[in-house]
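Next up: a single chain in structure tokens, the form predicted on its own.
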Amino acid sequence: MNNLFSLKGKKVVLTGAAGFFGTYFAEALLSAEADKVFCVDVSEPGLADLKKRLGASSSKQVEYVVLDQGDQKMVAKVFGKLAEHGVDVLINNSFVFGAPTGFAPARGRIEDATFEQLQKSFESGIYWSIQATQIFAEASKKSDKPLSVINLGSMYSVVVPSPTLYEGFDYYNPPGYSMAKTGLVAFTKYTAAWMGPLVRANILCPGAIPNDEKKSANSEQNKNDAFRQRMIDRTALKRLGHPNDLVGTVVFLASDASSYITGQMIVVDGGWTIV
């Protein structure tokens, strides 16, 4: 059973590696004995912090790659080089949170969301995953080596944010986020259908997991006890999630334990979307 869930011998590309989820994903991949983890992120300081967190003992297992996925030509060049290593797993975890995608404190509600905000949401929320998948899937096809693609969706890939959750607060979750993450579900299924059987693709949809550790676009609401309690009350398991609640599913989808699973949406949300 341990061998079934082991990532020994596997090479993984993880985007958004220096982010809140990415940090925990990187740790989990190393714990599962991944042969190599290419940690990709736009933030050089963030990757430096991740390197400190993972420690010197992981230096042979990890390669840190500074990359702005908004630069399509550079992505093609860098990912093309990484693909030459024979990548087994691609985890599309990156997204632009903040004013560019309409998150607080910027204006980005449905009545005043701008074209630029929606465009950036679709670019980072869908296209970045598409371009990465195209590159690594093509390499997989040429080498006849299986590839597992894991996309990061959201509970808002399944339902839209409830207006009552945000009633009385200045917080909100912009429409572009839900639309992009829902679109990513469709792309995941499309990938599974059209790029199989060599390429498997699945999407992990996390629930309410506030970022208490890193500065974020929603850091103020994460510290608001009244808002947090509202989220807890909305969740069937009556607690907020943590990235540690996701890592088991990530390792499962990356490993041979999920070898007959493709095109699926796996929702890890404490029961948020069941009612």
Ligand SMILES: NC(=O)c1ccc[n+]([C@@H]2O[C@H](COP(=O)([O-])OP(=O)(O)OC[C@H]3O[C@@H](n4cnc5c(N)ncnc54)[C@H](O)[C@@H]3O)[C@@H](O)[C@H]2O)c1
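Throughout, we count residues from 1 along the sequence that is shown. The structure displayed is predicted, hence computed values, not measured ones.
There is another form of the same protein, the form predicted together with this ligand; it is not shown, and what comes next is about it.
Among 67, 62, 247, 50, the residue placing a heavy atom within 4.5 Å of this ligand in the model of the complex is 67. In the model of the complex, this ligand sits beyond 4.5 Å of every heavy atom of residue 54. Though the partner is left out of this view, residue 254 does not reach within 4.5 Å of this ligand in the model of the complex, counting heavy atoms only. Residue 181 belongs to the set of residues with a heavy atom inside 4.5 Å of this ligand in the model of the complex. This ligand in the model of the complex is not approached by residue 12, whose heavy atoms all lie more than 4.5 angstroms from it. Taken together, the three residues 78, 86 and 136 lack any non-hydrogen atom within 4.5 angstroms of this ligand in the model of the complex.
Only one listed stretch (54-62, 232-240, 31-39, 205-213) carries heavy atoms within 4.5 Å of this ligand in the model of the complex, and that stretch is 205-213. Residues of 133-171 lying near this ligand in the model of the complex, listed in sequence order, are 152, 153, 154, the criterion being any heavy atom within 4.5 Å.
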